[in-house]
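As a starting point, one isolated chain is supplied in structure tokens, in the form predicted alone.
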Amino acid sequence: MSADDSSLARCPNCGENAAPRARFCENCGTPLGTTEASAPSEVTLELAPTVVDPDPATGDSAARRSCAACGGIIAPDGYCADCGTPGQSERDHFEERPADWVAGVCDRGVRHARNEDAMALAAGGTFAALVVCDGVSSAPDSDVASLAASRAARDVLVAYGPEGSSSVEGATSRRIAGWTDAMVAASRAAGQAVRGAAEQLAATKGTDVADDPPSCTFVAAVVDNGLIVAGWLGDSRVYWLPDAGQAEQLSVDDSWAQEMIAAGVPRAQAETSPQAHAITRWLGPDAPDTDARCAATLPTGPGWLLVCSDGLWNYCSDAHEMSDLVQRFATSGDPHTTAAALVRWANAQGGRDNITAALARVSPAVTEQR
């Protein structure tokens, strides 16, 4: 080992050497710890309470479930103790509320036999991480892949931690660069989680991992004291929906439809074509790359951050129309109530796909120097 090599950190997960002061493994995205100069602010982060938090392998949960028909309790045999209605499995419908300003709902929808969407949320102080992954229905076991990916990505973003605000010139630019690196590391970790799930499933079935492996999309957003950074692969989306001003779709779909829109085809025509949801980037053993594309925004006023799967935006794609829809259901200002209403609305439109809506109510207090 050379003198220079002695300063390298070694990834505890894959053994890859990392540059001095690196916070993430370039190969697999595993957090490597923080340096004194870049240590995150002290803040209590919540990965829970989770209304229902299913095990990724079995979908089972110890949480007491409510009956969708009468509000009673689902007994261990899977039926409502009060009215006898079969209960939904925890994997078919679950909700997370890590803070009073952050919540999400993930639902099977009406027409699909299982829920291949997944989400993983965390929040604390003025920091939040929202991750949504949509399993590719044409590949088997994508429900396992999406849940593993979302949780792996969330954990990386939590490990990076909030940096808070600073009046030092250039602080916001550095925060954006740091969160962009963290988002790419999170997508790589999510990709590794999908590969790991695929290998475990293949070993269990006695098949080759390359034979029709599970895969999923990836979209995530972090809020750090008002700064929003989004990252994505595939066609799940991030919207910034301010109370006043221009609504924005922060993500840009990796899909055939988006390529047609870029070529001049009207959005409505491209997104309703038979090939509309053919994605050009994804997470999986056969993915060409797992580095998320990223975008950042620094809101100047309050609004809603929405991270969602196409099961929602299929029915309301345009950012301005999505803003109107969210505002319609957001009269209470509660993200959990609003997310649940969005899911019910999508199901009422036909529920053709699994539906996930994760929301954060963002109210920036200051505008920092760049």
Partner chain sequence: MAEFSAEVFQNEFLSDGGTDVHAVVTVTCTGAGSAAAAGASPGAAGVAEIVAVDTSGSMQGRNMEAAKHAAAVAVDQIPDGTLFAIIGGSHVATRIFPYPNARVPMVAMEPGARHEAKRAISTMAAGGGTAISSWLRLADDLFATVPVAQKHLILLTDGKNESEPTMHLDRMIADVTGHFQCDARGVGDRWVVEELRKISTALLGTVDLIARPEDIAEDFSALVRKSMARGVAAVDLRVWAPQGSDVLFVKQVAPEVDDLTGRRTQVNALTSAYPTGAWADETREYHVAVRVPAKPVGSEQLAARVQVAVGDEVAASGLVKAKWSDDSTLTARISPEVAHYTGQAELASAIQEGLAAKAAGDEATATVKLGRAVQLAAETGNDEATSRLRKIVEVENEEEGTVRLKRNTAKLDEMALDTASTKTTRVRRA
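Remember, predicted model here, so these are calculated numbers, not experimental data. Residue numbers count along the first chain shown, from 1.
In what follows, reference is made to the form predicted in complex with the partner chain, a form of this protein that is not presented.
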Against the partner chain in the model of the complex, would residue 300 count as a contact residue? Criterion: heavy atoms within 4.5 Å. no
Is residue 82 a contact residue for the partner chain in the model of the complex, using a 4.5 Å heavy atom cut-off? yes
Whether residue 177 contacts the partner chain in the model of the complex should be assessed with a 4.5 Å heavy atom distance threshold; does it? no
Flag residue 111 as yes or no: does it have a non-hydrogen atom within 4.5 angstroms of any non-hydrogen atom of the partner chain in the model of the complex? yes
Heavy atoms within 4.5 Å of the partner chain in the model of the complex: which stretch among 73 to 81, 226 to 234, 208 to 216, 92 to 100? 73 to 81
Within 4.5 Å of the partner chain in the model of the complex, heavy atoms considered, which of 245, 196, 86, 125? 86
Residues of stretch 194 to 216 in contact with the partner chain in the model of the complex (4.5 Å, non-hydrogen atom): none
Closer or farther: the CA pair residue 77/residue 204 in the model of the complex, versus this form, with a change of 3 Å or more? farther
